[in-house]
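The data below hold one chain only, encoded as structure tokens and taken in the form predicted alone.
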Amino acid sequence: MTSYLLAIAIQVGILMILTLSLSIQYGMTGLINFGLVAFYALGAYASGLLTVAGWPIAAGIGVAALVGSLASLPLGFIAVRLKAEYLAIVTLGFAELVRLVALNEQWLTRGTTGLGGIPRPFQDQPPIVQAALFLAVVVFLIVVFVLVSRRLTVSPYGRILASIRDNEAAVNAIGKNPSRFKIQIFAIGSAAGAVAGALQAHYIGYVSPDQFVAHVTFMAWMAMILGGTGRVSGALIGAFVIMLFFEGSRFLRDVMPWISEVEMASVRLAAVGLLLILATLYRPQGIVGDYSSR
């Protein structure tokens, strides 16, 4: 049971980092990124490939963050020229492009075979201790990104980001250049998404293209909206609740034994969907959103 709880805690932590990356981009600045999984994949492959080649894991994760930031720059330049709905389409296409490259460039990613043998930190420790130490690393990185997010939120820089989100024309009118801020914030958020991917790669020890589908992006979107868009605490709470929904639904089989294992997969999705609908219906502003609004 302890191993299971540690595994779930690690997955929750990784989702928290991924949700924070989206919260930085959309919650603070209004940049719609439907291709978040692309940076998650780039981080996983970057760190995986480097550490398989013998690099230290810490260096691999650091390079993953750098790769995520650099890969975001072309999209950042596009973002300053497109309306929100067009940016959403472009980022969605970029995610599919990254997945297809991972699928077809076998010389680099090993294609459908996947990249295995990715080292996990603390491998010389017993499994329980290893998982606990890995969780400590995940928690440390969550704290780092929470502090970054908080700093962005309360600083004059963060107030400009909020102004860009709410009224970009007004920011132009006071002589500020929204384009520069959009590119910078897209890079920061993408770096966080890449770190989440790197952590997932080192935890699982294996990456393949079929892990990087749109479902990953929309898990983060659901978590952010459920917790409260634009709030750091909302990203953390939303990620926890979403994972609680998905993992808790595994135990429906215990209360509905007459449903077969095959049918239970559909029942689980329906139960999770219903919970999300009810949550957004009665708390559209999110769990930690403004309670004075409906």
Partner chain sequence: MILSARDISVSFGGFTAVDGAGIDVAEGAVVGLVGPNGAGKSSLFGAITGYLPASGGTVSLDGVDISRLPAYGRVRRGLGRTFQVPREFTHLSVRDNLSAAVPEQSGETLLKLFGSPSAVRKDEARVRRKVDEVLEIVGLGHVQDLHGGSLSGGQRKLLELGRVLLTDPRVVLLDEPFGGVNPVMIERLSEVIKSLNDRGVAFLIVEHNLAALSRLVGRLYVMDRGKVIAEGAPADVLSLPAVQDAYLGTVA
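Fair warning: this is a prediction, and the values are worked out from it, not measured in the lab. Positions refer to the first chain, counted from 1.
The discussion below concerns the form predicted in complex with the partner chain, not included here.
Enquirer: What is the one choice in L87, M222, V138, I188 with a heavy atom within 4.5 Å of the partner chain in the predicted complex?
Expert: Only one listed residue qualifies here, and that residue is I188.
Enquirer: Taking the partner chain in the predicted complex as the reference, which of V171, I204, L82, A214 has a non-hydrogen atom within 4.5 Å?
Expert: Contact with the partner chain in the predicted complex is made by V171 alone.
Enquirer: Mind telling me which stretch in 110 to 118, 189 to 197, 123 to 131, 147 to 155 gets its heavy atoms within 4.5 Å of the partner chain in the predicted complex?
Expert: Single hit among the candidates: 147 to 155.
Enquirer: Answer yes if any heavy atom of R99 is within 4.5 Å of a heavy atom of the partner chain in the predicted complex; otherwise answer no.
Expert: Close contact is absent here: in the predicted complex, R99 is far from the partner chain, nothing within 4.5 Å, heavy atoms only.
Enquirer: Using a 4.5 angstroms cut-off on non-hydrogen atoms, would A162 count as touching the partner chain in the predicted complex?
Expert: Answer yes; at least one heavy atom of A162 falls within 4.5 Å of the partner chain in the predicted complex.
Enquirer: How about S208: is it within 4.5 Å of the partner chain in the predicted complex, going by heavy atoms?
Expert: It does not: once the partner chain is placed as it appears in the predicted complex, S208 has no heavy atom within 4.5 Å of it.
Enquirer: Does D166 make contact with the partner chain in the predicted complex, using a 4.5 Å heavy atom cut-off?
Expert: Output for D166 is yes: heavy atoms within 4.5 Å of the partner chain.
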